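This document starts with one chain, in the form predicted alone, laid out as structure tokens.
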Amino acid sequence: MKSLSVSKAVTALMLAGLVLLPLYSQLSGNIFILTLFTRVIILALAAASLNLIMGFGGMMSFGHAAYLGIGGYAVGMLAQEGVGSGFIQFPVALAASAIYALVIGALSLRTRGVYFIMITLAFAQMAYYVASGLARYGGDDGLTVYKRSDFSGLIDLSNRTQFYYLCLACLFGVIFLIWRIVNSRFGLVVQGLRSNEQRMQAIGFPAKRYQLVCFVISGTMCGLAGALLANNTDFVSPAVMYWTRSGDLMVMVILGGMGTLFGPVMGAVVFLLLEEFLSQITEYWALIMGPLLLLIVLFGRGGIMGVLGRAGRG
């Protein structure tokens, strides 16, 4: 109970801080912190979607950033063609991500282990090179989004505070959906497949079908993060799909704690704030951050949520 109370208290403090951050930004006049945490929340959403298949489903996807790019390009390309309505852009971003996840999942789930990882990576790199070749939409240079998604006056995405709360609401909504999925019959089957796929198949569950549905849901959630990211940066480029971004998302999940609801959020906050802090100190920040993350992963079994649990028991 003590370990649970410690982790819950830290999680509650983190969530309260995220909710009250715009108030602090307004009172202090620090606009940058609001911009920074908007990006943190969007990538936390992407990490949470990866955690659904990696932490709960045991599917180690190394191409998850592809959905970030697909969601972002859906918004950017529609805006470029004169379709500025968010009621069109966002559903198209979600549908495109879901279709791509369906294709990747249908092929990659025929394999397992390192083969599964490499196939997901290959598809992500394929999306990267396709985006790089889209000369009409900027190619390697990327695509500028000159106007953010329009929701007919219901919410103004150009307003930093409103956009921040939209991203936060999407994050909470995705976490709630993951919680419902994980605790449903469907989610219990997916977790059972992670533990022992052969046994679950032996008692009559169609393993690939359950895993594919979970894979598509995860990709669709990440597509939502991509649509938000394009609006946040007013820009989308092939770089967002590169394999290193998928690696960043995996680090966030592992750092926070795989298979926990709020672990990816905590991992994203710590990872991105550490990245920002070190980059202000030295241009060689990656040389410091790499060993730090390695030490945390090696000695902090279960990520930050695991450390909090052991600290509570101690």
Partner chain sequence: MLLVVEQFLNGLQFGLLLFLLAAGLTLVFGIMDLVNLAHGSLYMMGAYFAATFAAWTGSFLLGALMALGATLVLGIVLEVTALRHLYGRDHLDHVLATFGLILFFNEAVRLIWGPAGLALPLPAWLTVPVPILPGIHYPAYRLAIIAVALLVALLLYLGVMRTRIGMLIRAGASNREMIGALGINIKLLYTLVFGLGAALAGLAGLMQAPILTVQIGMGENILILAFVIIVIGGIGSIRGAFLAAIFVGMIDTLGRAFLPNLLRQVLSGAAASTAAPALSSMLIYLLMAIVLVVRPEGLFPASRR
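Remember, predicted model here, so these are calculated numbers, not experimental data. Positions refer to the first chain, counted from 1.
Here the subject shifts to the form predicted in complex with its partner chain, a form of this protein not shown in this document.
Taking the partner from the other structure, its partner chain in the predicted complex has a heavy atom within 4.5 Å of a heavy atom of residue 133. In the predicted complex, its partner chain lies farther than 4.5 Å from every heavy atom of residue 174. Though the partner is left out of this view, residue 242 does reach within 4.5 Å of its partner chain in the predicted complex, counting heavy atoms only. Its partner chain is not shown here, but in the predicted complex it comes within 4.5 Å of a heavy atom of residue 110.
Put simply, of 34, 278, 272, 250 only one has a heavy atom within 4.5 Å of its partner chain in the predicted complex, and it is 250. This chain appears without its partner; in the predicted complex, the one residue of 235, 210, 163, 123 with a heavy atom within 4.5 Å of its partner chain is 123. Exactly one of the stretches 194-202, 223-231, 180-188, 112-120 approaches its partner chain in the predicted complex with heavy atoms within 4.5 Å, and it is 112-120. Residues 258, 283, 284, 285, 286, 287 are the members of 258-288 with a non-hydrogen atom no more than 4.5 angstroms from its partner chain in the predicted complex.
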